[in-house]
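Take a look at this one chain, the form predicted alone, written out in structure tokens.
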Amino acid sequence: MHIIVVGGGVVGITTAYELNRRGHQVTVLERHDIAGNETSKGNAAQRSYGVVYPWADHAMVFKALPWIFKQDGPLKLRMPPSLETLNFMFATLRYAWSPGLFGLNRRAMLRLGIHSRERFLALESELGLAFDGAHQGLLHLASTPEAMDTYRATCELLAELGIPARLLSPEQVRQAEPGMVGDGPLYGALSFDTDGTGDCHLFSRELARACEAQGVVLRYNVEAEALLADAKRVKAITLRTGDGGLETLKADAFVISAGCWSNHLVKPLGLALPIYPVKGYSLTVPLKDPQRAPTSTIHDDNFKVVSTRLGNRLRATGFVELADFNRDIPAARLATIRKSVESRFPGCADLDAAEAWTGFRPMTPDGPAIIGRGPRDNLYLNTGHGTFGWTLSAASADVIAQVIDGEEPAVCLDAFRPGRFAE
């Protein structure tokens, strides 16, 4: 079967790999000139299988609102907010106060995370890709005693699902991370022992090359314009080529993995995907003193900044900003990220010389990604992963391939069903 995958980020490329592995003929359409060059390019570099959680959490609402007005607060809102931003915020609040929904969605996402780790380990064993990847765990620091209380409750849920995790004292944290000599507040940490790291951009490019070597066709510098469909099936897709011309491609099935740009393809077929571009920032810099750097991934809950070791580099990422598709990089955002790193790992890198990045995470208002059959028999969706696209990409690719082949998916997809927003 010939299948077109729209989107060459990490989700689209892993989907193409899984479909090709199952014997399908696959074509990937990507608007950039290389794979993984949008949201996948400068993300937090953590594969946080045990940390995944829904965006719509009523417990976070009252904490989040003051962050908008705090200088170093992790949540920012562009003023005045657009109609799209307001719609997304109100939808999030509605889902956050839906009784029991957060718990159900969190468990569903964690189960997908467990499966994603299994699939990543298998994939890395099969291909031996070079992307500064490792599985040395992740530490969620506790800057207050209250944070440790929250982590104790989290540990109970993780134990229920069989996810290895431990509570660490401040002394144990510093033993695990000897480079953490800064003066940031520390009351302990929650250790996710089997979580991983890796450069998502490098992974996407390496996997794209592996796909091409196995017969996958990757079309770069093409923009998917519209799906051509009747009442039952998608017949073809129109795309705009790099020289401005229009082209029509036919296929037996179509998978939309276009992140924040997915909705414009699907909405004309009767299904609106409320995916919002939640903006984030990162700094990437070569290490100046590796002994002072993190050994794996550190989540600094004081600034809500994630710092990850990528070989001889450091990646530090922060902020959840609701600003539509604005690509500006305010100096204040980068200053906060630098402040976090220096408060934990002073002197590890020259952060003033770091490469700055901003990108858009494709967030759904309730939190889970959109995975499953779309509004036509041969249309499938694997998109809207928010901040967890890198983490969940391997599992999402596996289960959507199972759905396409008519198999029972390895993970229950009820929480991820595409039509849930119309219910």
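Worth saying up front: this structure is predicted, and the values here are computed from it rather than measured. Residue positions are given as counts along the sequence shown, with the first one as 1.
Keep in mind that the form predicted in complex with a small molecule is not shown, yet the notes after this line are about it.
The small molecule in the predicted bound form comes within 4.5 Å of a heavy atom belonging to Ala45. By the criterion of a heavy atom within 4.5 Å, Gly374 is excluded from the residues contacting the small molecule in the predicted bound form. The closest heavy atom approach of Ser296 to the small molecule in the predicted bound form falls outside 4.5 Å. The closest heavy atom approach of Trp357 to the small molecule in the predicted bound form falls within 4.5 Å.
Exactly one of the stretches 73 to 81, 257 to 265, 173 to 181, 342 to 350 approaches the small molecule in the predicted bound form with heavy atoms within 4.5 Å, and it is 257 to 265. Scanning Ala224, Leu287, Leu141, Ala323 against the small molecule in the predicted bound form with a 4.5 Å heavy atom cut-off leaves one residue, Ala224.
Here the marked residues Val6, Val10 and Arg361 all reach the small molecule in the predicted bound form, each with a heavy atom within 4.5 angstroms.
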